Structure formats: structure tokens, C-alpha cells
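First, one chain by itself in C-alpha cells, the form predicted alone.
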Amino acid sequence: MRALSNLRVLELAGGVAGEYCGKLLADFGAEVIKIEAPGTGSETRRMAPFAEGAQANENSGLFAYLNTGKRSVTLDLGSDAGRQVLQRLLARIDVVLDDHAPGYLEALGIDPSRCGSDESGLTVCCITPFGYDAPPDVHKAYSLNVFHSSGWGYHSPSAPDPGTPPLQGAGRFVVDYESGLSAAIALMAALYWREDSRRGQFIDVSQQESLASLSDYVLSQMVDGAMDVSTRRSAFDLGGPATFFRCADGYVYLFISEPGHWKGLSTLMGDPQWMTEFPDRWLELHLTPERIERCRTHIGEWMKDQQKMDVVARAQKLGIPLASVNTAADIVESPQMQFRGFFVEVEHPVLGRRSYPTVPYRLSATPAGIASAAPLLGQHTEQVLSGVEA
């Protein structure tokens, strides 16, 4: 038996965040019924990367990844008939998952404010850029807006040049994946609470708040008063020689901030003479721009001849926070990923047999797994609706 095999989810979401949340639930066994517009389907069906030669609406690699294990039902929610069918579907559902602007659910006859007012147990989870009660002028926002309003732009890139603009952040959908995961975790908590209360809840997931909660030391130090609240990007820089370094076959990122790191780095590099010229606790007590620049120059000269995977493995054994900057190929070919079975082969009726990432954690008794490929548009309409239509 899989962890969520008794959970029934109605997915109205059509964006990456909502679909990723639904995917996590489906991979752990939940029955996820995805409602899509006839003819066009989910927005992610039209988002790259695309498989060459495959038919439109079925050729998106992104959609294929985000929707494994789900069932697709096409339903015109703009019509009275479609909304009536939806209401009958809701009688069989535990969770509604949505990512539209406030007002969309109410127009469908779903009132989030009434969740928990009866013993239907229906839980509604809505993922929006700035929360369900945000002012109307920010209802429509993009991941880029959310990323920078959360404060993460100050970290991108690490050790930034204050004279250059922030980057949009690592990855294409970091905001969406993080908020989708936050939503899935919140849903699990709500469903656990429902076991005793028999009542549902409205889960309001703000993408901005989700990402801001992950901004490591910055928010906590601001709250504690240890760091000034400032619009200067340099105010958030911990200082030190942490940065990216070029290797013979790519890049690595080094972070050192204490004597143990410094000693390990010296051992890694063969105890070079130049390191003895720095004070013992310079990383903690005697940081200067000149020392940082000199340190980076020497490390860069040594690092350029190293193979990134080899130097990372040796550094980690010495307790040095050194990480490789991986390409997609590096991740697929990683011995660790292969040992953990992180990628699995899935057969899709249009895209063929492809390698898919699974989830980054494992439950021993009820592990996650990809039960089926992403559905074709409307593939399960007749099967699902045959039991609910009047």
C-alpha cells in the first residue's frame, strides 16, 4: 500500500507550482484528477522543452514530468453544464488544488472561506504569487517578480558585484518548485489534522512567503537585530573568499569561513607557502578586501588544473565545503544518483521511453514511485465522468 493511496485530489491548477504539488501527491499514491480545458489543456502543455515531431499539446517534456501518475479530464468550466459536473465531482474529493487568482474558485462554486465549516472534510489549497488576500494589482505576477520580492535576488549570484543587477536565480522554476513543495507539506499537515477533527481547511500558499522562508541566515539575522535591514546587496554578504572557481572541466563553488576549513584547504592544496602568511583566524577576525582578493587569486591558479568531481570528492573528505557546478549530464551520470535509482525509465504513448527524475527522498515502508506516464489530453474523461454525470 502506498502512503497516499486513499487520498483523492482534484487538480484545477495549470501552472508549474500547482502541478508539481499534485505530482508529489500522485507519486506517493494519491488519485489526482486533473481538470483541463477542452482542446488546449494545461498551460504547461505549451511550455518547452518540446519533443521533435510529436503532436501539439502532447510534446512538452515539462508537462510530461509534472503530471506523472495523474488522470486527465477535459471539462468546460466556463459553461453551466461543466460547473454542474464539477460540483458532483467534488462530492468524491478530499482535496482541491488550485493556482488561479482569487475569485476563480468562487466563480466555480467553491468558497475557500467555508472550508471547515461542515464535516465534508474538503480541503482547498491555493498557490498564488502573494497570497489569496493580496491586493488585486499583484494577483498577476511571474516567478521573476516573486523571486526578487522575496529577497533572493540579493543572493544571485553569490558574492555579487553591487554594480551589476541581480540575476533571476538558479533554475528555471525555483519559485514554483519550492512553493509547490511547501503546499504539499502543508496539505499533509492539514490532512493529518483532519483525521481527528473530520474537518477540512483552506491552505493559502504565498509563493513569496514560501521563498522568503528559505532565505537562510538573512531573515533570521534581521529579526534578531544582528543584520541591518538594507537595500544594499553588499549588506548581506558574509565576506570571505567564497566564490566560484574554474576547473579544467567546469566550475566549483567554495565556501570557507572558519579555521577548520582553512586547515583542510591547506592540506588539499599541498600546504602552499602563501597560506602561512595569513593570520590563523583571519577568516573570523581579520578579513580585508586585499586578503580576500589575494586568497581567491591563489586558489584560482591552483583550481584551474583540477578535475571538478575529483577535487570535490577529496575536499569533502577533508571537511571543506566545496561543491561542483553540475550540468544536466553530470547529474544523470552521477554514480550517487544511479545508486539511489533517482532516474527511472517511463514509457509515454507519444514521447516514447524517457528517463524521469523521481523524488529526492525515500520512505522505507511506502516509497514514492511513478505509476504511469503523464496523461494525454482528456484521456480519462469518459472513465472518470461516467460515474458522476446525471
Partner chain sequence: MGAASMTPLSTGPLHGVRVIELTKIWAGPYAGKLLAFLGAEVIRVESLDSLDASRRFGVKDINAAPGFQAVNPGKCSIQLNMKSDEGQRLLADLVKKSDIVIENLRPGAAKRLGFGYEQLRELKRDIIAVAMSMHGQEGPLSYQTGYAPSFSALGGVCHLVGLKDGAPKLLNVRYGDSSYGSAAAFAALVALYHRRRTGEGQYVDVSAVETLASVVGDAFMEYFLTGKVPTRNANRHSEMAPHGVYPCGDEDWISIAVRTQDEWHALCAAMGNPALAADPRFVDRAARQQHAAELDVLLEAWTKPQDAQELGERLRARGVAAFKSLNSIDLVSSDHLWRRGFFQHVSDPARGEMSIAGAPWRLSLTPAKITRSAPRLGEHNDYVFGELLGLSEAERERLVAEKIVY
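Heads up, when I say rigid core I mean the largest set of C-alphas that superpose within 1.5 Å between the two forms. Residue numbers count along the first chain shown, from 1. The structure presented is a predicted model; accordingly, all values stated were derived computationally and were not measured.
Although it is not shown, the form predicted together with the partner chain is what the next lines describe.
Of the candidate stretches 262-270, 73-81, 291-299, 249-257, only 249-257 contains residues with a heavy atom within 4.5 Å of the partner chain in the predicted bound form. For the candidate set L108, M303, I203, V85, a heavy atom within 4.5 Å of the partner chain in the predicted bound form is found for exactly one residue, namely I203.
In the predicted bound form, A212 approaches the partner chain with a heavy atom inside 4.5 Å.
At the 4.5 Å threshold, heavy atoms of P335 reach the partner chain in the predicted bound form. Taking the partner from the other structure, the partner chain in the predicted bound form has a heavy atom within 4.5 Å of a heavy atom of V138. Using a 4.5 Å cutoff between non-hydrogen atoms, E195 counts as a contact of the partner chain in the predicted bound form. Residues of 359-375 that come within 4.5 Å of the partner chain in the predicted bound form, judged by any heavy atom, are V359, P360, Y361, R362, L363, S364, A365, T366 in sequence order. P102 is not among the residues whose C-alpha shifts by 2 Å or more between this form and the one not shown once the rigid core is aligned; its shift stays under 2 Å. In the core-superposed comparison between this form and the one not shown, the C-alpha atom of L318 has shifted by at least 2 angstroms.
A movement of the C-alpha atom of F255 reaching 2 angstroms or beyond is seen between this form and the one not shown when the two forms are aligned on their rigid core.
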